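There is one chain below, alone, in structure tokens, taken in the form predicted on its own.
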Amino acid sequence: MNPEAKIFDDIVNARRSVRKFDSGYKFDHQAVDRSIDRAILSANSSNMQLWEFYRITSDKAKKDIAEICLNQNAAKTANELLVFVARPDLWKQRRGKLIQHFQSIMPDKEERKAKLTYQYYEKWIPNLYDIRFPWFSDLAKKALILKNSSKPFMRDIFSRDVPIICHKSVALAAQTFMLSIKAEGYDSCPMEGLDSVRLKTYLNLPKAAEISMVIGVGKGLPEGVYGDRFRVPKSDVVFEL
């Protein structure tokens, strides 16, 4: 095993969902900043980066959001809370930034690689993400799938699939963040038990935004780990063809 793999192995094995933190610990908030920087580097669908990360650091905001998180210990005792948000509605803005980037590195739009790239972001991305009129767009996508039914074709392109695509990318970033926090010497706990409507209102998020999860971060206490780790047998989840 490579030395780097051993280090990563240690981090993965040490990471646990810790549900109680030492609220009085002198927490290094820069560790969160560094971990967000790493999370931003996570793989994501078409590099659209349709995510936002909200850091909750003030005592009042932490108390308010802990209540929204149903007063879970992982929320009440966290040194900091982070809200991971999926933003499918920002596709035009993010696509625009990507196209600007491509213009700086691939100015010749007729070169083959550039032509395919621009076509993808200027034609296919809007077809997927523009769901202002879901009934009409889904009907057009259904016709497209029928037209290509004789060959493999991406079928998860309907309006209901767009938020799911975004949540997958957010989840990748969240896992990178939690592994990074562990590497920094701290602990974390992802939470789905929350009132998403109240949280969206609290953060002043638009209707199309979706809460993916809230992550509590801090110096974990031993009693914050609820028992030994359990996983189903590898043979139940890994299959080879």
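In this text, residue numbers run from 1 along the sequence as written. Nothing here was measured: the structure is a model prediction, and the numbers come from that model.
A second form of this protein, the form predicted together with a small molecule, is not displayed here; the remarks below concern that form.
The candidate spot formed by Pro88, His101 and Leu128 lies out of contact with the small molecule in the predicted bound form, as no residue has a heavy atom within 4.5 Å of it. Within 4.5 Å of some heavy atom of the small molecule in the predicted bound form lies at least one heavy atom of Arg15. The small molecule in the predicted bound form is approached by Arg19, whose closest heavy atom lies within 4.5 angstroms of it.
Contact annotation for Gln72: at least one heavy atom lies within 4.5 Å of the small molecule in the predicted bound form. In the predicted bound form, the small molecule sits beyond 4.5 Å of every heavy atom of Ala208. Residues placing heavy atoms within 4.5 Å of the small molecule in the predicted bound form fall in a single listed stretch, namely 185-193, out of 40-48, 26-34, 53-61, 185-193. Only one of the listed residues (Leu172, Leu179, Met213, Leu199) places a non-hydrogen atom within 4.5 angstroms of the small molecule in the predicted bound form, and that residue is Met213.
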